[in-house]
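Form predicted on its own, single chain, as structure tokens, below.
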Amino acid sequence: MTWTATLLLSETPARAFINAVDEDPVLSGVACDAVEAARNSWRLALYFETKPKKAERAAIGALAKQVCGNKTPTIQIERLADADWVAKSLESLRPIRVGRFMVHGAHDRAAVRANDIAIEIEANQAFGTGHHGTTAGCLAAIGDLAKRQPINRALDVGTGSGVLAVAIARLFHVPVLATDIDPMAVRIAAENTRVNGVAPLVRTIHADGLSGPAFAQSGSFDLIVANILAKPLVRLAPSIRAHLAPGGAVILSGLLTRQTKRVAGAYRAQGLCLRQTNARGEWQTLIVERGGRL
């Protein structure tokens, strides 16, 4: 069984809440997502394997108060079967178009157009259906890069559902190494590569950071995508730089606008230059390059 803690927030507090969960000492590692329930009303849910403990409920309340101020929302705790909340999420998963990319569930295959690069992703426990501003920002950045430079080998750090790894493989037809610290996400991403016909191109592995035999075997990468959070983006800057090929590009996302200077500075300190920023709501996507221009 799965337990959920849900609350309704407007868009900006919902995004701030999701970004802050990973850095909260009590809630770090808890799966969290948000679905637009009505205009400027987002249903935010945190998922637990057991009923949330007193400390976890208190942490949720404190974080909600932090992002909402005086108007603290009601937190609803309930138990439901995994299949129930997955099905509910699937019903609300509308197709998303970003440039030539269309991310959709199996129930919307008929909506795919002739020139679409269609990516089929079902609602599940891994982050990344294209609905979140960070994922959409990365898809847009991948499409932009395709217009100006060749890519021969790519790395997707924190692959989640595998949507970005699939997008890279479908667009560039090149090998992609997709990694995640969550074994469940790795399994889901691997299944999504099979569903989307790119399993021969995408290798999915469990990894924390950018070390291990798989990275040594792959050599350097022309494109590295990291859609995670600001804190790990800063921490991984030296490792990402070490694995980036000359002239290569890095797409960074999972950070709020106020965190842009900090993240960009960490990569500038590694000799990488900020080429482009892309804002979607409160979320920023950055493209930094080795050998690029400020």
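Worth saying up front: this structure is predicted, and the values here are computed from it rather than measured. We number the residues from 1 along the sequence you see. We call the rigid core the largest set of C-alpha positions that still match within 1.5 Å between the two forms.
As for the form predicted together with a small molecule, it is not shown, yet the points below apply to it.
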Would you point out which of 166 to 174, 181 to 189, 110 to 118, 96 to 104 contains residues with a non-hydrogen atom within 4.5 Å of the small molecule in the predicted complex? 181 to 189
Is residue 261 close enough to touch the small molecule in the predicted complex, meaning at least one heavy atom pair within 4.5 Å? no
Can you check whether residue 53 is within 4.5 Å of the small molecule in the predicted complex, heavy atom basis? no
Test of understanding: in the predicted complex, would residue 209 fall inside 4.5 Å of the small molecule by heavy atoms? yes
Although the small molecule is absent from this view, report whether residue 157 comes within 4.5 Å of it in the predicted complex, heavy atoms only. yes
Among the candidates 244, 64, 237, 228, the residue which, in the predicted complex, approaches the small molecule to within 4.5 Å (heavy atoms): 228
So that I can tell if residue 285 moves, could you say whether its C-alpha shifts by at least 2 Å between this form and the one not shown after the core superposition? no
Taking the rigid core as reference, does the Cα of residue 18 move 2 Å or more between this form and the one not shown? yes
Knowing the shift is 3 Å or more, I'd like to know if the C-alpha atoms of residue 15 and residue 207 are closer or farther apart in the predicted complex than in the shown chain. closer
Quick read on residue 183 and residue 22 CA atoms in the predicted complex, 3 Å or more from the shown distance, and they're closer
